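Here's a solo chain for you in structure tokens, the form predicted alone.
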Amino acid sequence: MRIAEWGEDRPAERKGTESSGTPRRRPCCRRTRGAGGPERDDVGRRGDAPRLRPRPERPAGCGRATVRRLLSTSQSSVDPKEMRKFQLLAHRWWDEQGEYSALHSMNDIRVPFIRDTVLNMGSAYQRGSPLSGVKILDVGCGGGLLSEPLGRLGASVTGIDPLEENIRAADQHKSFDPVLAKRIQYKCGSLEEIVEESVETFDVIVASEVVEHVADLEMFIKCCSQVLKPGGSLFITTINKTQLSYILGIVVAEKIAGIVPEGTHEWEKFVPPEELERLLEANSCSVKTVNGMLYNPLTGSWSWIESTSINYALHAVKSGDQAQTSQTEPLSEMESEQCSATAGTSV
């Protein structure tokens, strides 16, 4: 269990969130970090978010020969120590009141964020199945908490996770819905294990609350770029590496309040948005949006905020002929509400 991971979609109106559940898109800018360690930010203070500046697009990624060299010379991005942590809780994924309760509620904001961003990139809207025809890879899918609402929106979802126990839990829950059984497939394995057979296969890649647990972040981002189509979207949610994230994410959440099991996170593995931007640019991806996220343990809800000093969501696009931003009009309020109703689920 982590403060910010996969959650189940439940209709709720969040403070600081638009009616569609999608945050206000804003251009990215870089913020200079001081020499005294992690930057200090006041949660919610406008203008304080270390947003990222868009960069010129680079040529598309490497070919299959490069992929083979990568697989033969690099170690796995999977951290065995992290696997042991989540193996103990594999049977708890679908307990909305359990250790993963914060992850269930995160879908209230991240699913609309993914959905509306993909549609505004140019996907044709279909009532009832707005993501029909979109191929999504859910990396580190766990028990399928994010894969299922994306599948209900019509997407063809492939969920991968290195833990067999997680895949069994995901498959079992998917089997309760015949529609999802056709739209979602789960595979046990790591990202680098599917690279060679899946080069430029997916329209969208989602890595939600994953990058702070991998053993080799550079390899992980490289593999994401390899399997993403040119013009495809990469969505990442994770925890920033700041003093505030240490206090709230580890001291308070794990040691005092017990929101997540103690030892779930390691502050040294938290990832600043500037580091993700650097790695993404080195792998032919340009960051388009960075938005701060905040979890309220009293209400059990997430909301969008200006500051990215704790949790944040990032959207990047891989360079290529299709990478131009679409001129499609944003979803209307009625369309957005219809999409949200489609993504809803009952456990």
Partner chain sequence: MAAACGRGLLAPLGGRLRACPRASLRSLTSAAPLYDVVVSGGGMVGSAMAAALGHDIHFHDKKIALLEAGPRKEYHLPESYSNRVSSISPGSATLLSSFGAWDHVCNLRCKPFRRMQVWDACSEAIITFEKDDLDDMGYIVENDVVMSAVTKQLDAVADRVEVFYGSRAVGYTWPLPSHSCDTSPWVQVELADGRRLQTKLLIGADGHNSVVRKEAEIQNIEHQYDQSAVVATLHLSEATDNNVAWQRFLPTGPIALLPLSDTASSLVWSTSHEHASELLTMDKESFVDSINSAFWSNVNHSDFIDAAGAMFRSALSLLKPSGTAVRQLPPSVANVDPESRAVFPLGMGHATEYVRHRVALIGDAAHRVHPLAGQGVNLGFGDIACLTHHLSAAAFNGQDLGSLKHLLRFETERQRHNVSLIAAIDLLKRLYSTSLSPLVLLRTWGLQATNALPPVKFFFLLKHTFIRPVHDANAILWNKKW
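Positions refer to the first chain, counted from 1. Note that the coordinates shown come from a computational prediction; the quantities given were computed from them, not determined experimentally.
Keep in mind the form predicted together with its partner chain is missing from the figure; the text below concerns it.
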The unique member of Lys85, Lys269, Lys187, His91 whose heavy atoms fall within 4.5 Å of its partner chain in the model of the complex: His91
Glu193, Glu218, Glu275, Asp177 - the one with a heavy atom within 4.5 Å of its partner chain in the model of the complex: Asp177
Would you classify Gly128 as touching its partner chain in the model of the complex, given a 4.5 Å non-hydrogen atom cut-off? yes
Though only this chain appears here, would Pro149 touch its partner chain in the model of the complex if you measure heavy atom gaps against 4.5 Å? yes
Is there a non-hydrogen atom of Gln172 within 4.5 angstroms of a non-hydrogen atom of its partner chain in the model of the complex? yes
If you check in the model of the complex, is Arg115 within 4.5 Å of its partner chain, heavy atoms only? yes
With its partner chain left out here, work out from 91 to 99, 203 to 211, 219 to 227, 233 to 241 which stretch has heavy atoms within 4.5 Å of it in the model of the complex. 91 to 99
So, a 4.5 angstroms cut-off on heavy atom distances: do all three of Ile250, Glu254 and Ser309 pass it with respect to its partner chain in the model of the complex? no
